Ligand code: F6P
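Next comes just one chain, in structure tokens: the form predicted alone.
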Amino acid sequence: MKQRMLVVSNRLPIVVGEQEGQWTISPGTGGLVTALAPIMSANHGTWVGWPGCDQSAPLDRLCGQFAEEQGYALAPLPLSEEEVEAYYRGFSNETLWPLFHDLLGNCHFKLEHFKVYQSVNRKFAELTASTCSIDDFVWVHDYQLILVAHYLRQLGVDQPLAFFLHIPFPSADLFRRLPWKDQLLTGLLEYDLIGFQTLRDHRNFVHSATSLADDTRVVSRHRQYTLLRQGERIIKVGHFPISIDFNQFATQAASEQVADAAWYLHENYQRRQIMLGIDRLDYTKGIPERFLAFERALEKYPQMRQKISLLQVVVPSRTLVPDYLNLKTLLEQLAGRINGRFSQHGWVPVHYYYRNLDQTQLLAHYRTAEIAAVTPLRDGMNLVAKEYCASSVENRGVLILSEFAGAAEQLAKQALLVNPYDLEKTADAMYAAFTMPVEQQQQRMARLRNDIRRHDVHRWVRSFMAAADRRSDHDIES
């Protein structure tokens, strides 16, 4: 890519820390950073975002140090605690997050939160406008920053702008429940390229745009994208499923350190299978439903008892939000009740852990588990499903996958697909995974791994950038 890339996201790709008066800065982790960092370094790009720390940190010095080491610049946007509370915890995560995950009952609609969301999006736009040049490729990420393009246009930035939504996009019928739907839809249509995770999300947005926005119609439909016309402008809308760095996961999972940790873990579960759940604490992940389905499986298939355990790791998240505290309490109660019903000497059916795992332990859990249960009620993609497969270096294991995870579009043929609301059939899928012959496991897992290897996170970036470049005359059909 010859253009300089300017990435805008809620958080900068850094971890800032302080120990005994010494400040440190290190690159963040995650698929987005892994995918974009090499491109950013190659063209000396700039990343705009909130640094995630208070203003006592010497950000100028730390960001200068980061640029020297990593080859690209950071443009930090400090936010007050009040702004973080209303823009991020409030409107982004109490309004957009549940709405976009089809969970209207969890939504809180507060005008004061939306006003701060607008204000913070304008701040992001002002910093971006002051940072970018006319030839930069500007790529804005995710639901926290939907309105950035709207304010960039107000500030006179008229170059092409791209946006990628990492979470689902709801149906038009659900989206119209949002009191500020017009502002968000108008804001999205200020971008020139809008990317979604799945074809379903892509179609949902096109339906919303053409039914709710004035003077917006479909120009043409293609396999991966749709061209919309709004007035004189052409907007390209596509689906680009994000992925992981397959080779990185597979290589690390095959390391001696992970192998030792996996062996130690499995020693604690001798003569029984492990069904693994790893999720951030969130009501979209379907963890209570998973517990109930496992309970039903133990009722329905007594031959599973003493031969399988559900190992559920819940990563702490939004620990001060009442909905999340209530969910944590519910999970503890469910685990206790199931264990009270079925535990026998030497066997506990549910092992529930509320904690973070470091990378070695995460990969060891992936490598050890005979079954992975990835059963969200709704998810943009869910990379745990892909990480589990990439880490299954012996080509063994069974993936149970919710049909409402974005990953299902890609992995459905070789996974055991379930509706997490259907406890009976999810229990049946758990039994099918428990009894699946090793040869069948190996065939399925080999195909899953091959597909994820071919469609890795680097291919995701290339496909999005190619879509941004394809604005030739034959694309624009009147």
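The numbering used is simple: start at 1 and walk along the sequence shown. Just so we're clear, the structure is a prediction, and the values are computed from it rather than from any experiment.
One more form of this protein should be noted, the form predicted in complex with the named molecule, which is absent from this view; the next part is about it.
- Under a 4.5 angstroms non-hydrogen atom cutoff, the named molecule in the model of the complex lacks E370 among its neighbouring residues.
- The named molecule is not drawn, but in the model of the complex it has a heavy atom within 4.5 Å of Q144.
- Contact between R280 and the named molecule in the model of the complex is found at the 4.5 Å heavy atom cutoff.
- Proximity of F175 to the named molecule in the model of the complex: non-hydrogen atoms within 4.5 Å are absent; the residue sits far from the partner.
- Of the candidate stretches 92-100, 297-305, 208-216, 351-359, only 92-100 has residues with heavy atoms within 4.5 Å of the named molecule in the model of the complex.
- Contact with the named molecule in the model of the complex, judged by any heavy atom within 4.5 Å, is made by just one of F164, Y72, Y88, Y366: Y88.
- Of the listed positions (K115, K328, R318, R200), a single one reaches within 4.5 angstroms of the named molecule by any non-hydrogen atom in the model of the complex, namely R318.
- In this stretch, 293-309, not one residue has a heavy atom within 4.5 Å of the named molecule in the model of the complex; the partner itself is omitted from this view.
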